[in-house]
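Two forms of the same protein chain are encoded below as structure tokens; each is given separately, as structure 1 and structure 2.
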Structure 1
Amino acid sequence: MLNSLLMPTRGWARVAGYDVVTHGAEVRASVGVLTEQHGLYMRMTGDEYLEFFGQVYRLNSKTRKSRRDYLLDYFGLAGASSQRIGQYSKGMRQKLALARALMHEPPVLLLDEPTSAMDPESARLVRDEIARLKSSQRTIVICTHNLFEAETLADMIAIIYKGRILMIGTLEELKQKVLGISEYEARFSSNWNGEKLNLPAGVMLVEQSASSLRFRVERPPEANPLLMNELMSKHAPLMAFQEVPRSLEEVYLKVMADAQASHAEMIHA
């Protein structure tokens, strides 16, 4: 829908400043798309393929040549540019598809499940390439079920259920909103009985053992340095101080469970 291929039944969307319903051609010209299926023509060579799409996007021959050479080189495909795409590995194919999506230097990049059905090595390769493409000049929208991928690549994350955005924000914001205030753990190199600590405002001790302490911290940027100072001043044998890991998966599962429960309630009512 964001690429003006499917028409919305209601509502509106603007991509790169163009309305998706009334300015389909302009939207498509401003967007680079990479889908789950790479959609490559197997009998063409990598070079021919990019040349074809360069023409489709109406680039002049000089630009086509320079973009083609640059992208093939950038994605490490220059050596295989005259080989038929059918001979490429899965990772190479997805990288070529990504190169196609970037051929016309689109301000918006839509990536739909870019690494699904790929072996871990190829997926890593493609993920690294996507991370390299991040820039202030470009918006990248990734639609994925791979939460690790979202966590690694996204600046902003939206969780969508039955066509509605349930939640949107940075990873930290989502974690805070769904899982509550973050917890930090101080680990000690030897047992420490823990003298009475003077905790900074907004910090609460939630768990204590001989080798570690766990705190709930409301404003980590301000409170953590104070907290560590306090531990050091009490000569705690501090070995590590880190956030208790909380994954996007936990956020997602909780949000979905809540959404499904309220959906079931609605149907019941």
Structure 2
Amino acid sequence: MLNSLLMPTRGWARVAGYDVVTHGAEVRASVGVLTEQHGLYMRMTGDEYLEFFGQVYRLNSKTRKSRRDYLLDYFGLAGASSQRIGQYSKGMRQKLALARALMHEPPVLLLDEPTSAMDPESARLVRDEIARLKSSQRTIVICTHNLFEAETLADMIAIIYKGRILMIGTLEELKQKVLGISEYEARFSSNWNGEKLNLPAGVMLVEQSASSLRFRVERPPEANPLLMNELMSKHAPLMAFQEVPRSLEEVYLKVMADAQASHAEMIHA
């Protein structure tokens, strides 16, 4: 529906400023799509395939050749450009499908599992390209189960369960909302007796050992400098002070567990 291929039964959407119902041609010209089923034409060569879609998008011959050569080379497919796509490996097909989505340099990209079936080197190349493509003039929507990928690339993250958005926000907003207040750890170069500290407002000591202290900090920008000064004034042999890492995986697992528990309660109610 967002690519103006199916008519919505209700509601509305605009893509790149165009209404998906009344301006379908403009929407399709503005969107690059990578679907789970790529729709590759197996009897075509890689060259022929990108040439064909360049014509579909009405690129002139010079632009078609320039974009085709660049994308085939960028994704490491130049050496296989004269081979039929049916001879490509799964990873090569994935890269060719992504090249097709980028052929007309669209302002909107809809990518479903863009690094699926790729080796680590190729996946890194694709992630780098997506990061490069991000700009104020381009919107990229990625559907992925690769949480590292989402954490690395996304400005905004939505967690979806059974067709419903459970939570949406920046990574930091999701961490704060789901996992609570940030924690910071002070590590020492030698054992320290941890003489009584005068903690700033909004700071709580939650874990202590001879070699480290862990604090829960409500407002890090204001409280952390005061906390550091307090540690130094007590001559703590401070070696490191850093936020305790919290990943998108932790957020996802907790949100999904809560959603599944709620769904089970509704079924049994």
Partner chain sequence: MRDDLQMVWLVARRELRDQFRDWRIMTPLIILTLAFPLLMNEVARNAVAFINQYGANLIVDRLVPFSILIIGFFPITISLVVALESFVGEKERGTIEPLLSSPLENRHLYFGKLLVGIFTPLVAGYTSIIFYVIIVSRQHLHMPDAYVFVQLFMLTTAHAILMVSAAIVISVQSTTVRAANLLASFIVVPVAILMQGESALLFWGNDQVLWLAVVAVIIMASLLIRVGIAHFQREYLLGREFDTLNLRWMWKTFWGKFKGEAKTLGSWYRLEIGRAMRQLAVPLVFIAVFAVVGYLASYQWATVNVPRLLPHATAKDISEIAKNVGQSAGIAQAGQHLSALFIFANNVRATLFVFLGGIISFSVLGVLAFLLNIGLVGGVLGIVKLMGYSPTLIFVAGLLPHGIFEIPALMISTAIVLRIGAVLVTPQLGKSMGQMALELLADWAKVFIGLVIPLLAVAAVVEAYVTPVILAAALKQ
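Note that the rigid core is defined as the largest set of C-alphas that superpose within 1.5 Å between two forms. Residue 1 is the first residue of structure 1, and the numbers go on in sequence order from there. All of these numbers come straight from a predicted model, not from anything done at the bench.
Between the two isolated copies of the chain, the form predicted on its own corresponds to structure 2. Assigning each C-alpha to whichever rigid part's superposition fits it better places A259 and S189 together in one part between the two structures. Relative to the larger rigid part, the smaller one has turned by 16° between the two structures, according to C-alpha superposition. Core fit done between the two structures; CA of L50 shifted by 4.9 Å.
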